[in-house]
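Here's a solo chain for you in structure tokens, the form predicted alone.
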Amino acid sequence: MGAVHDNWLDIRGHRLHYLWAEGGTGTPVVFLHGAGGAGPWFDCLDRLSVERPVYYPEHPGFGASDLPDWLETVTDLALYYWDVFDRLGLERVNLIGASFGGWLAAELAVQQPQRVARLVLVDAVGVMPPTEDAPDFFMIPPDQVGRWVFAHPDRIPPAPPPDPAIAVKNRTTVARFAWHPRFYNPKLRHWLYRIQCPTLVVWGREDRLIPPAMAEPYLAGIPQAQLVLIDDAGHVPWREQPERFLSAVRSHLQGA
């Protein structure tokens, strides 16, 4: 693996924070985080960076990144990211999007399909409203998040408490992009046919936040989509079952 670099980009007067590691020479990977924020660099990114450069940005309005007042929808956010990729010299990318980041990744692949080599959607929102039995993300108390996110929260080492100011900033930004309609774009499913790259839809079989049935519109709409369900995992399979998650993603990126 390569050393992890901490960097900033200026995009039309607004700063974007990102981490990256340059290991191998394969097509770069961009990992797009979910509604909870980016958090620190993690092991799966390290291991992916053995074969290819890996980029891990903090979306505008999350963490240390600025939020331009003219970004109002996830479609806007996707257009913004093409400016980011241009600045980074990323002509073609592999996109991995988790939850909210999966929605963003799908919008990116719809907008410029020729620039996405392979797509991975992980427990992704974006194409249909949450089911009636799913919790309201905005109403989950911070100390209750683990029981919704993990299939087996007792097996996950407790994480350090988030910075309260950053947590409020992240949640406020999510509300701007995903309050109404709640975590989906009703038009997106009609444009999924534009995604022409091989697509892996990965889901924790025990995800109670975004149940596996929510994968169906992606599988139906994307021409080259296939599903991998990961047992004993909830909404963040790369943390609960990193080996299974990484095996599926690596095989997909390598064209297996």
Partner chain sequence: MQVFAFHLMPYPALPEDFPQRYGPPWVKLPNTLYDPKVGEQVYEQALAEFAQADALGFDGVCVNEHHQTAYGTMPSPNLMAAALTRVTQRAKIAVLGNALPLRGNPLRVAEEIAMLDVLSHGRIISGFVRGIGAEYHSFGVNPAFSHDRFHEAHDLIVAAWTRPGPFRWDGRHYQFPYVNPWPRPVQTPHPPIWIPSQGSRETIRWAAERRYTYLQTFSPIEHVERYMRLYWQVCEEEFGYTPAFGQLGWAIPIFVGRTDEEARALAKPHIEYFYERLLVMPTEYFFPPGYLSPQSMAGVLQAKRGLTEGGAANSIDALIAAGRFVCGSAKTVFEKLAETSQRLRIGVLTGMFQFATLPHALAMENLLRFADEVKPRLEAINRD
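Numbering follows the first chain given and starts at 1. As the structure is a computational prediction, the values presented were derived from the model and not from experiment.
Just so it is clear, the following notes concern the form predicted together with its partner chain, a form of the same protein that is not shown.
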Specify the contacting stretch among 67-75, 123-131, 98-106, 152-160, defined as having any heavy atom within 4.5 Å of its partner chain in the model of the complex.
67-75
May I ask you to choose, among 176, 87, 147, 115, the residue with a heavy atom within 4.5 Å of its partner chain in the model of the complex?
176
Can you work out whether residue 79 and its partner chain are in contact in the model of the complex, taking contact to mean some heavy atom pair no more than 4.5 Å apart?
no
Give a yes/no on whether residue 92 approaches its partner chain to within 4.5 Å in the model of the complex, heavy atoms considered.
no
Look up in the model of the complex whether residue 186 has a non-hydrogen atom within 4.5 angstroms of its partner chain, and give yes or no.
no
At 4.5 Å between heavy atoms, is residue 172 in contact with its partner chain in the model of the complex?
yes
In the model of the complex, does each of 16, 39 and 47 have a heavy atom within 4.5 Å of its partner chain?
no
What are the residues of 141-174, in order along the chain, with a heavy atom within 4.5 Å of its partner chain in the model of the complex?
141, 142, 143, 164, 168, 171, 172
